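Quick heads-up: it's one chain on its own, the form predicted alone, in structure tokens.
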Amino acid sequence: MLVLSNEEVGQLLTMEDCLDALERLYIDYANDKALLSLRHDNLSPNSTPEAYYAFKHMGGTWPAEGIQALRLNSDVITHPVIEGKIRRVKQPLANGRWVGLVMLFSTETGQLLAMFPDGVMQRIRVGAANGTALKHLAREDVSKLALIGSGWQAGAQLMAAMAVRDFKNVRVYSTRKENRENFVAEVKSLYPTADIEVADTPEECVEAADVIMSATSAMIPVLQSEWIKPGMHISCIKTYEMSPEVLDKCDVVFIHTQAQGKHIDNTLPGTPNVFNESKHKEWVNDREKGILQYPDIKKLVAGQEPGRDNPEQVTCFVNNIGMGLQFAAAGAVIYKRAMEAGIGVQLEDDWFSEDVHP
């Protein structure tokens, strides 16, 4: 059984690799050749002030690669108010670290093939999902990108955007001046052919943009309807960032998956502080049909639903929820390359199997 570190995952999986793997996976999923395991969250009390415990798991089966993936997180969640906006923050209470794991199983033998932290893969697969939508929906001639956010996920959104389109100008805005300046300083050298600059206001960031990508931890809408102009493509990494008013100005909208509109929360009675999240969750429930009225990205990639058909349309992708299937897709790439290169630590298979039938 192979064990990898986040650093090794980062060496083995490029954004281009993940984009390619997701493209193939979405086509198989659209044609009933892959199986999604829905996301579930178990929420319970925690002794940390203003916090609760959350155990999350999701997964997916991709027979074409012989992989079953299981992703799980064991988190302590808080909801601080930062710059006037409620955020969802995971506290690093496991000796100053976080706990998130991906396990890969063989669909041929049932064997546990590999295990590694989920952090780096999580970042890349979220970026690749939005990058896939950008590839299929944005105009071919887009050149100006507005990026709202300057954190871990925002970096992956930029990576994906640059992988599928030739952006010449990128403006970055986030609520903390120091963060956005540090972010731009770090990414400038990665994309020497692009003019990457800091914006001091969100309005300055989105001015004349062809594409707006939002990647924040905000739990209230970030994208504003007055920013939307003909020909734009917009996206977000969760529904909190989007508002009904923005969606109403879009001509073509795709979501990540209709199979699950929101998290399936099993909450232990008496769990404190969960209301801070649930009262801001799923504004789409107030709409006539909700966000599930929009088609899946799998149908866009597989050619089963039309995308943009003229340069004036406004297109949109809402990454409404993560899919465990993505971990099967990216995991298949990582496992294959790690085995070929001899990267990682091999543990005894007998430690993860048994000689009795349970």
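The numbering used is simple: start at 1 and walk along the sequence shown. These figures come from a predicted structure and were not determined experimentally. We call the rigid core whatever largest set of C-alpha positions still superposes within 1.5 Å between the two forms.
Below, we turn to the form predicted together with a further copy of the same chain, even though it does not appear here.
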Indicate whether A34 is a 4.5 Å heavy atom neighbour of a further copy of the same chain in the predicted bound form. yes
Does any part of L72 reach within 4.5 Å of a further copy of the same chain in the predicted bound form? Heavy atoms only, please. yes
Is there any non-hydrogen atom of I343 lying within 4.5 Å of a further copy of the same chain in the predicted bound form? no
Just checking whether Y53 would be counted as a contact of a further copy of the same chain in the predicted bound form - the rule being heavy atoms within 4.5 angstroms. yes
For a further copy of the same chain in the predicted bound form, the stretch among 157-165, 97-105, 185-193, 133-141 with residues bearing a heavy atom within 4.5 Å is 97-105
Does each of Q11, Q258 and Y294 have at least one heavy atom within 4.5 Å of a further copy of the same chain in the predicted bound form? no
Of these, T315, N319, Q326, Q68, which has a heavy atom no more than 4.5 Å from a further copy of the same chain in the predicted bound form? Q68
Pick out the residues of 31-46 whose heavy atoms come within 4.5 Å of a further copy of the same chain in the predicted bound form. D32, K33, A34, L35, L36, S37, L38, H40, N42, L43, S44, P45, N46
Aligned on the rigid core, do the two forms place the Cα of Q304 2 Å or more apart, comparing between this form and the one not shown? no
G96: CA shift of at least 2 Å between this form and the one not shown after core fit? yes
Tell me whether N46 is among the residues that move between this form and the one not shown (Cα shift of 2 angstroms or more, core superposed). yes
